[in-house]
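Here you get one chain, nothing else, as structure tokens; it is the form predicted alone.
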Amino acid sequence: MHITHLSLTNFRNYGRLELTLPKGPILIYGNNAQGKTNLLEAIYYLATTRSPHADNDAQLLNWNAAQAAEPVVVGRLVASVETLKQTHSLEMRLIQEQKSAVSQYRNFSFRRQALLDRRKVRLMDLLGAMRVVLFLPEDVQLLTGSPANRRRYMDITLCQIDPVYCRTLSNYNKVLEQRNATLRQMAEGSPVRDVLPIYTDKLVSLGSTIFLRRAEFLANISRETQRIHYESLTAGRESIKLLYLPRLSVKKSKLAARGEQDPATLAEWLETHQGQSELVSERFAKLLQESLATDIARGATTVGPHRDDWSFQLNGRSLGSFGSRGQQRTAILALKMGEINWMEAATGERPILLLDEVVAELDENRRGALLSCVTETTQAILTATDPGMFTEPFLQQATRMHVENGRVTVM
């Protein structure tokens, strides 16, 4: 799988860009704030319909175009992608429309459109047409950041290869909103209790599928990450594990008193009960019933996959809490390399690899392991301020492109 052509219009600092991309490693270099990261962001956005950097999608529009007095401003991202079986055209449109202009204030609306092979589709229908693995220096926050970041990583990765999971997750989130709204109405005394079981039953059915798929995913990617970490990055000195922590139990403080299983044990239970969703549904339904009083008081559903988490364990201890910065970087490197292999095993094709200024963060041994992975990938796009940090053999293999003020020059 690889991109043959990328077209950007009114995206970030690119007013207009037409760029042909070859196979193999591509090194994009230049000074800071010239547009290197924006190129990777555009590709990632087309693959996942999400930005790794923007708080909202309206920020992706070119600033000069967005501030112009035009009634409609359109940003376009288009990529031609070749796979082993076919060629696709992926397009995202960012549309800003001026609703009114009163005095010095203007009122805008913003919407997105997705097109696959020039036909309008739902956003989720774009997922999977192009698969990418993105490696950022701030990925270490997967270890130290919030559970929401870790859930987001699971969901984005799974949605690229599993459309059933993606639809199930989307439906789950809609039902969750409806159930939470009903809980808030009940807390205010509204007579809507008869509606709650309908949403609860839907939540149980959808949530059980998500629990099982996440357990399978983390078990598989954990094995691949451990193999790479143990064999290639630490010379057999350290053992690593990704531990799924499903919110399919009460809080830890109540576990001992109730004799409940802890989240780690529940993850193993889920893995051994793949294909037995009725058992998971039964447990989830029972837990929702036991949590009902708490849910009504809070106006929110307190258990379920929307509260899941996962963690890295290094030699049996939490890597986020006890690991050094070097150990954390090594673990993330192993995870990303494992993600590439996992995607290839699941789809038969290696994903496109995107690396944003990460080589400078690694020592010589880990840099060599990463660049070896890069050269084995059908297409890998790297950014750097200084090409001198790469070896001469790598530079001879790579296509080099210089970026300056939103202009790309093939060297």
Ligand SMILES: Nc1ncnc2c1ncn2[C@@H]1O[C@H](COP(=O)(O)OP(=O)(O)OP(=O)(O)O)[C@@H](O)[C@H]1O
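Quantities reported herein were computed from a predicted structural model and do not represent experimental measurements. Each residue number is its position in the shown sequence, starting from 1.
Not on display, but discussed next: the form predicted together with the ligand.
Novice: With the ligand left out here, work out from 29-37, 44-52, 346-354, 370-378 which stretch has heavy atoms within 4.5 Å of it in the predicted complex.
Specialist: Every other range fails; the passing one is 29-37.
Novice: Should Val359 be classed as touching the ligand in the predicted complex when contacts are defined as heavy atoms within 4.5 Å?
Specialist: Val359 lies outside the contact set for the ligand.
Novice: With the partner left out here, check for me: in the predicted complex, does some heavy atom of Asn365 sit within 4.5 Å of the ligand?
Specialist: Contact with the ligand, no.
Novice: Is there a non-hydrogen atom of Asn13 within 4.5 angstroms of a non-hydrogen atom of the ligand in the predicted complex?
Specialist: Close contact exists here: in the predicted complex, Asn13 approaches the ligand to within 4.5 Å, heavy atoms only.
Novice: Tell me, yes or no, whether Leu382 is in contact with the ligand in the predicted complex, where a contact means a heavy atom of each within 4.5 Å.
Specialist: Leu382: no contact with the ligand in the predicted complex.
Novice: Pick out the residues of 58-78 whose heavy atoms come within 4.5 Å of the ligand in the predicted complex.
Specialist: Going through 58-78 in order - heavy atoms within 4.5 Å of the ligand in the predicted complex - the hits are Gln59, Leu60, Leu61, Asn62, Trp63.
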